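The chain below stands alone and is given as structure tokens, in the form predicted alone.
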Amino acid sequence: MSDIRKHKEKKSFLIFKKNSDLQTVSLVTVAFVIAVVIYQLIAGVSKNGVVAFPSLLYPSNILNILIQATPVGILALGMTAVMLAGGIDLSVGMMTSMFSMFVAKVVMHGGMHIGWALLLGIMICITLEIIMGAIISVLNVESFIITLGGQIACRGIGLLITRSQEVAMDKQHLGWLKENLFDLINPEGIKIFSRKLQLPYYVLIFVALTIITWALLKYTRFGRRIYAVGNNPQAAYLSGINVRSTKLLVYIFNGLCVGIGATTLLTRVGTGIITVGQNLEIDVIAAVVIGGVAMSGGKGSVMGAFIGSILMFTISNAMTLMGIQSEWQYVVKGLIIIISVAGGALSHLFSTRKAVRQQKAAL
């Protein structure tokens, strides 16, 4: 009986340890939303004496946050796989800019069909990731340096493609991705609180890709290999895992996510310009880290990265609604990132100490 009890305690500890970072970011998200809602309720009453429904929780505003988070969220899925395998990719921001500039150039000035242009752009992203992934995996060099070089190269390629000029696209080229799903239910639109609900098609791509990535990492042999390689590459190699091919496949998947994410961002912006993806890698990495994915690899989940990307834009949206200056928004966002990561570390520390005490008590 004692052995069964020890096994159950160990199993419960592992489950808690696995979900502690996801619980932390979820608690931070809920606490932040509650704080903003209370502020809006108090501010509304003090202003006109009437309790109004907080604008942060308007269905239209929640959908707007999801729309804003979609490009970063899709890129975060690929970055999650890369970081779980123990790597990082600093080139995703400039690769997104290069993609947008290439697609806009060949469509507007080359006359290429938008479908073929998007497919070719995604293949270019995958090819560049294959090159960087091969160098990282075969030569066993730091991914930070190689992808930093890729970032600089993508910036130069993008500027060469358009000769350092922006290329605006016509609305009809990617307009079908921006069509409102609610218009299928009611052609006149659906309104709540006198605000029309908007849900573009590309948001469904984000949700579907999140589910696919979650299933890929959780239920497939490839997903288990990614965790094993990120946790201990030498042990993974000794257990028969091809570490090099696993790392290479991770970067290929990341290239696919970059291409899809860049498509959604180009759909929103409508212009191929170098600033489209500028500093985008910072938001992507921040979303992944907030979601509990360890920089050292082997720890984290896709759902954590999904929640992390939503949290990033919830913070920005809430502070904009409260009229906070952009300078202070950076400060608050940075503090919340630090609190989220530090909270996850403290949660892991406390859970480890609790497990040690339980094991000593069981002996």
Partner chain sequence: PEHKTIGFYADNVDSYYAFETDVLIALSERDPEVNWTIDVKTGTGSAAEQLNAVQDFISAGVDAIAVIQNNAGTTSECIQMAKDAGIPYFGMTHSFASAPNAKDAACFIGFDFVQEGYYAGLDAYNRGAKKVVNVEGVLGQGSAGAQSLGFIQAYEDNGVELVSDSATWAAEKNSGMDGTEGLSLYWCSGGWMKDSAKTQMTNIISELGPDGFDGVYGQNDPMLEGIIEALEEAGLDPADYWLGGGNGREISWQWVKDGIVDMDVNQSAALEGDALYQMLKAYFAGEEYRAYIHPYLNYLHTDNIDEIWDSLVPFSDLDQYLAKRDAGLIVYDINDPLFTDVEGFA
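Residue numbers count along the first chain shown, from 1. Model, not experiment: these values are computed from the prediction.
Below, we turn to the form predicted in complex with the partner chain, even though it does not appear here.
*Asks:* Note which of 245, 165, 127, 186 lies within 4.5 Å of the partner chain in the predicted bound form, where distance is taken over heavy atoms; exactly one does.
*Replies:* If I apply the 4.5 Å criterion carefully, the residue I get is 165.
*Asks:* Though only this chain appears here, would residue 67 touch the partner chain in the predicted bound form if you measure heavy atom gaps against 4.5 Å?
*Replies:* Contact with the partner chain, yes.
*Asks:* In the predicted bound form, is there a heavy atom of the partner chain that lies within 4.5 Å of any heavy atom of residue 41, even though the partner is absent here?
*Replies:* Flag for residue 41 set to no.
*Asks:* Heavy atom to heavy atom, is residue 329 within 4.5 Å of the partner chain in the predicted bound form?
*Replies:* Within the cut-off, so yes.
*Asks:* Using the partner position in the predicted bound form, report whether residue 106 sits within 4.5 Å of the partner chain, counting heavy atoms only.
*Replies:* No - in the predicted bound form, heavy atoms of residue 106 and the partner chain never come within 4.5 Å of each other.
*Asks:* Could you list which residues of 298 to 324 come within 4.5 Å of the partner chain in the predicted bound form, counting heavy atoms only?
*Replies:* 313, 316, 317, 320, 321, 323, in sequence order.
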